[in-house]
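So this first bit is one chain, no partners, the form predicted alone, shown in structure tokens.
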Amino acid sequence: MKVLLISLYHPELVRGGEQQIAHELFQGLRATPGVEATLLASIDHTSPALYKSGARITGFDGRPAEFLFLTQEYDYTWEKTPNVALAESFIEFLRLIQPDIVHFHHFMTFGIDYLTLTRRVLPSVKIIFTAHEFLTICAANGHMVRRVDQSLCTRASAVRCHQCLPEHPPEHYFMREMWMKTHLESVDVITTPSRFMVEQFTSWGLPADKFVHVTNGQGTHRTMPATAPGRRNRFGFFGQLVDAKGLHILLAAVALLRADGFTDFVVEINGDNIQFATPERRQEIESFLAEEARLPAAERQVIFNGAYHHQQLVDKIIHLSPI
């Protein structure tokens, strides 16, 4: 059985949960007898040295069966790639690999229409789509958070989406919903890491029988040691340093505790990709960390450890012992 995995970014180039899950699944399939797995991971111009003149799909760092899709001209409004040459290369790649299953872990940087393109090129292929967030439903980065008041959004509609993103008229969001649903019809199975997501997608109008709930696995077989007794005063943040992950809320909590005179704690921040945060949020986080770094080491409640590789995760959690 041949399986092609489509990933938003490669975890060696841009770290993040979706690409890590996709790569771990790829590695697991590669180790499974009778399965021939291929990975096609996108990159964008944050890795300019990997772009070669005239190239559209290339191998990656000598790794067997791992390829890079060199995204160009991506349209984030309609979630599509208008570059015809890229589409032609993708078609050629599909015909060369001849997969039995194509598993899209994301469509961003490829295009939602690549689901339909895959079906047209390989009519009998099984197409799986994993929804890691709500980007098909929500044009506001798939977060389902209302930009008008930062409240949770329970449903999308043409008017409600226009309120969050007034640069387009309500009709635009009506057409966007039709565009997304049309291409999702090409999918045989949609998996989600939470049952709540299934409820949201079915409420949006997708058929319930297409969904399968599959929790995200952990790619390490190491076990966590028993928790030692003591104070619970060391906290860890693990993730991308972007708006939706809430690091700014954690830092605001630190400021509130300090204002009340409570300093018997440490927060360790482990993460990367602050370049993907909004400029305002990036400045807020970087200013806080810069001020913290100017304090004497004994007076710091916030420690920034920088990026980490997924294999380091258990060691970093173990390090978070009481102080």
Partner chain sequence: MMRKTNEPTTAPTPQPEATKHFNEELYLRLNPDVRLAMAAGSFSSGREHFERYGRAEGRPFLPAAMQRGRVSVSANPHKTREHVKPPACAIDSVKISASGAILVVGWVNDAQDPLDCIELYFAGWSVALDGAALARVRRPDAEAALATGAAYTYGLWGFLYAACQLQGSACNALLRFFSGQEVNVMLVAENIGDLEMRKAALEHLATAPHFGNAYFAQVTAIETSIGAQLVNFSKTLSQRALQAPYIERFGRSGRHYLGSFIVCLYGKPEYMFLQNALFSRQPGMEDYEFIYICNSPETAEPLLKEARICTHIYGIDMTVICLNANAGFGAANNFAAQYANSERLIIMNPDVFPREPALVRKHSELVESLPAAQTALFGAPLYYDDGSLMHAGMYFCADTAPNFSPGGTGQTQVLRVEHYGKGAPPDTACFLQARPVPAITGAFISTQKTWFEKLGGFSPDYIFGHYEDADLCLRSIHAGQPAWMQDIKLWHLEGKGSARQAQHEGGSAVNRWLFTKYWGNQITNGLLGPAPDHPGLTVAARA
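Remember, predicted model here, so these are calculated numbers, not experimental data. Positions refer to the first chain, counted from 1.
Absent from the display: the form predicted in complex with its partner chain. The rest refers to it.
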item: Non-hydrogen atom contact Thr81 with its partner chain in the predicted complex at 4.5 angstroms; value: yes
item: Arg120: touches its partner chain in the predicted complex, heavy atom cutoff 4.5 angstroms; value: yes
item: In the predicted complex, Gln98 touching its partner chain (heavy atom, 4.5 Å); value: no
item: Its partner chain contact in the predicted complex: Ala252, any heavy atom under 4.5 Å; value: no
item: Proximity to its partner chain in the predicted complex (heavy atom, within 4.5 Å), stretch among 201 to 209, 136 to 144, 112 to 120, 235 to 243; value: 112 to 120
item: Within 4.5 Å of its partner chain in the predicted complex, all of Pro169, Met178 and Ser186 (non-hydrogen atom); value: yes
item: Residue (of Ser194, Ser151, Thr182, Thr154) lying close to its partner chain in the predicted complex, criterion heavy atoms within 4.5 Å; value: Thr182
item: Interface residue in the predicted complex among Met108, Ile128, Cys164, Ile91, criterion: non-hydrogen atom within 4.5 angstroms of its partner chain; value: Ile91
